[in-house]
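Single chain ahead, by itself, as structure tokens, in the form predicted alone.
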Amino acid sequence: MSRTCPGLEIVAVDPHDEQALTAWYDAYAEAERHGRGRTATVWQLRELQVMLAEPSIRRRSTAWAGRVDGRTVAAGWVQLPLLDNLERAELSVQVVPAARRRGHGTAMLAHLEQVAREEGRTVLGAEATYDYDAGPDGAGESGPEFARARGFDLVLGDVQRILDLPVPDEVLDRLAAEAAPHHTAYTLRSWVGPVPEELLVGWADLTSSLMTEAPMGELDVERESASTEAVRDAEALVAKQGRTKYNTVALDAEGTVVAYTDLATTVHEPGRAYQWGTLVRREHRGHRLGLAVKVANLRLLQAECPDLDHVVTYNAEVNAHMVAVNDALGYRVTARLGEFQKRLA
């Protein structure tokens, strides 16, 4: 499928066509890295190829290239949840710096919105990264202003933080000792890779509630599917992408998973890890389990990956509790991420 917009030809990207995929990826990565330095969090080529090419029960992703005279100057992709949040579509648009302010981003976004409409999606999500000093609303920054001018509202402001590694043992020992008296009725368990079978149901149930239990501002989202098949599907995708996960849970006296946190590394980015989710069940909060699982997981990560030099994470700015935990661990503010939303008429 292709569509010609004024000055821009928009074509679907075949993830098995290495030349087309690489041209699309290069445009995406150049745009994402522009002006961001070490704070840039760019999907790697093979990670995106797997996402686009591999079948999944959880979501479907399609990519589009915007070309001028045969050169790819704009990249876009659409992700569609398949098990839950069936009214949503997540959109991403990038334009290489040298080709900006010529309408290419507007044309690509209009194309992606039409793709979403044709799929029956009525709520669009998008993200924009910008300098921390620009303030929560990113006034004057190109990404937020582009989104707002095209009908998107900022519904959640996140802050990017980076933790330099290794965190000294004495810091982790002190934090663990501070938390320990508050969670004596719980057991911590850590592992690398897929979720152990005996924890799978509890893990699926807890992690699926992250989108509704963590602060989400005005994002229009519903709880994700608690399917154990979806967990295994995601794990298979992670493995094919060259990623490894490091996980810690807290178990109550009955062995129920009541808190979790997970970190991920990738063979494509030596030295970097990503903090993914952290959540404590509402009825088990107040026992410093969030701090306890994050400290234990950092110990695991540093033991398994001594060559890492930093971890990247994002927190909703309104999530005061988790921000305090990350401050205690030594994370420092580096950028902002705005989550935007638009309802189609």
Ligand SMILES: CC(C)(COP(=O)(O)OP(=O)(O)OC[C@H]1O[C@@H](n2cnc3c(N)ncnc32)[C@H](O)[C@@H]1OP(=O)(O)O)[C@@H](O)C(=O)NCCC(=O)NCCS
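Counting begins at 1, following the sequence as shown. As the structure is a prediction and not an experimental result, all values here were calculated from the model.
Just so you know, the form predicted together with the named molecule exists too; it's not on screen, but the next bit is about it.
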| field | Close approach of M51 to the named molecule in the model of the complex, 4.5 Å, heavy atom | value | no
| query | P194 near the named molecule in the model of the complex, any heavy atom under 4.5 Å? | reply | no
| is_contact(G76, the named molecule) in the model of the complex, heavy atom dist at most 4.5 Å | no
| said: Is A253 near the named molecule? Define near as a heavy atom within 4.5 Å, in the model of the complex. | reply: no
| With the partner left out here, if you bring back the named molecule in the model of the complex, are A292, R299 and D327 all within 4.5 Å of it by some heavy atom? | no
| remark: Contact with the named molecule in the model of the complex, heavy atom within 4.5 Å, among H183, R88, R150, R272 goes to R150
| task | Consider the chain as shown here, without its partner, and state which of Q241, S208, Q94, T244 has a heavy atom within 4.5 Å of the named molecule in the model of the complex. | result | Q94
| request: Considering the named molecule in the model of the complex, find the one stretch among 141 to 149, 163 to 171, 199 to 207, 230 to 238 with heavy atoms no farther than 4.5 Å from it. | output: 141 to 149
| task | Pull the contact list for 281 to 305: residues with a heavy atom within 4.5 Å of the named molecule in the model of the complex, in sequence order. | result | none
